[in-house]
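Have a look below at one chain only, the form predicted alone, in structure tokens format.
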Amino acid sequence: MTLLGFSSYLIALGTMSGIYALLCLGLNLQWGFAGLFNAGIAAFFAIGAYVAAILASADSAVHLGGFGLPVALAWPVAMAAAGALAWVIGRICLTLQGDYLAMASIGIAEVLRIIIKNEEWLTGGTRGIAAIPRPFETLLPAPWNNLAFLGLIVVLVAIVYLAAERAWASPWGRSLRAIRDSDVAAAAIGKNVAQFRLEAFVLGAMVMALAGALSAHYFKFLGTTAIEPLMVTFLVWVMLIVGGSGNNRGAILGAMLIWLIWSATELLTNRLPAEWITRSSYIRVLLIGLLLQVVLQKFGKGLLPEKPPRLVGERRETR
């Protein structure tokens, strides 16, 4: 591998790690903060990806488009669309608990996936949406345009991380953790459990939609395979569990670590005999599952477990 090829690989690795870090931060807002078992991550990822792609792409005869909006407008609209969908879903489903919420969110994600696949006038169906513009591609030559896009993702991850850290230490974050640990006790002291849960659900969905929009513009093509539950839901849950639920740094660490392993296993499985390459995705899922088991055995709460924020005026013990 040449130096240019290795550099391109590192840029691609960092870009996808950043996109998955946003997904993990969004899931952490829902699960780590509020204990909401969202198994329909793919739905909000898809809304962000398709809305951004439709708004920013050129006119096409096979799907809705032609708006040509800059990403500075397309991405916020995509996040708002996902937030609106999350608000509707939350009003209906957040009264459910645990496994029931998971089943409801899976069902909603599957309904949305079927709509995307069959409504060709809107999404292009199985043909997808092509020629999605990527920021910096016309301003800078390769690989500097890809490096600039990676820098943009790093900035967005940093902004979301700092906002999530501030929320974690705020009264809002403390209320969410109280509701997560015991919603009955939180309601008894006057907390509006339904409203707090709805806010966490909507904010997490908006962050997931931002990740979807970034993914669509990065690959410059969006098809139904981009929103498969394996890649968007299963991997994100593994990342958060491995990194540490309830810890924003753990969410980012888990995303980087698991994507590195997933990418490395792809390089290894491509060297297998031809009859095994078609089964490589299942082999990689098996390896990720085994890694998850090892981590859970050794680190029950993840590599970076949850730590309550230090209260104002609290003094650390010194030895």
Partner chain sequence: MAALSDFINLYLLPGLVVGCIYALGAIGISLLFGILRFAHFAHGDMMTLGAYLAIIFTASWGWSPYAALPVAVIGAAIVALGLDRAFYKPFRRAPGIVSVIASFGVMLMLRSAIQLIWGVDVKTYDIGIRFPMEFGLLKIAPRQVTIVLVTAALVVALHLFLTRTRLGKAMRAVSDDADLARVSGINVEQVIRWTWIIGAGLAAAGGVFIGIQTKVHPNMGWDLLLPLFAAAVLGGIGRPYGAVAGGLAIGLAQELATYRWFSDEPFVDPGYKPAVAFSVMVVMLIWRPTGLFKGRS
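Positions refer to the first chain, counted from 1. If you're wondering where the values come from, they're calculated on a predicted model, not measured in any experiment.
One more form of this protein, predicted together with its partner chain, exists but is not displayed; see below.
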query: Partner contact for residue 107 in the model of the complex: its partner chain, 4.5 angstroms, heavy atom; finding: yes
query: In the model of the complex, residue 87 touching its partner chain (heavy atom, 4.5 Å); finding: no
query: is_contact(residue 67, its partner chain) in the model of the complex, heavy atom dist at most 4.5 Å; finding: no
query: Partner contact for residue 138 in the model of the complex: its partner chain, 4.5 angstroms, heavy atom; finding: no
query: All of 6, 142 and 266 with a heavy atom within 4.5 Å of its partner chain in the model of the complex; finding: no
query: Its partner chain: the contacting residue among 131, 80, 114, 155 in the model of the complex [heavy atom, 4.5 Å]; finding: 114
query: 62, 260, 58, 290 - the one with a heavy atom within 4.5 Å of its partner chain in the model of the complex; finding: 290
query: Contact segment among 226 to 234, 211 to 219, 69 to 77, 143 to 151, judged by heavy atoms lying within 4.5 Å of its partner chain in the model of the complex; finding: 226 to 234
query: Sequence-ordered residues of 28 to 66 touching its partner chain in the model of the complex, heavy atom within 4.5 Å; finding: 31, 37, 39
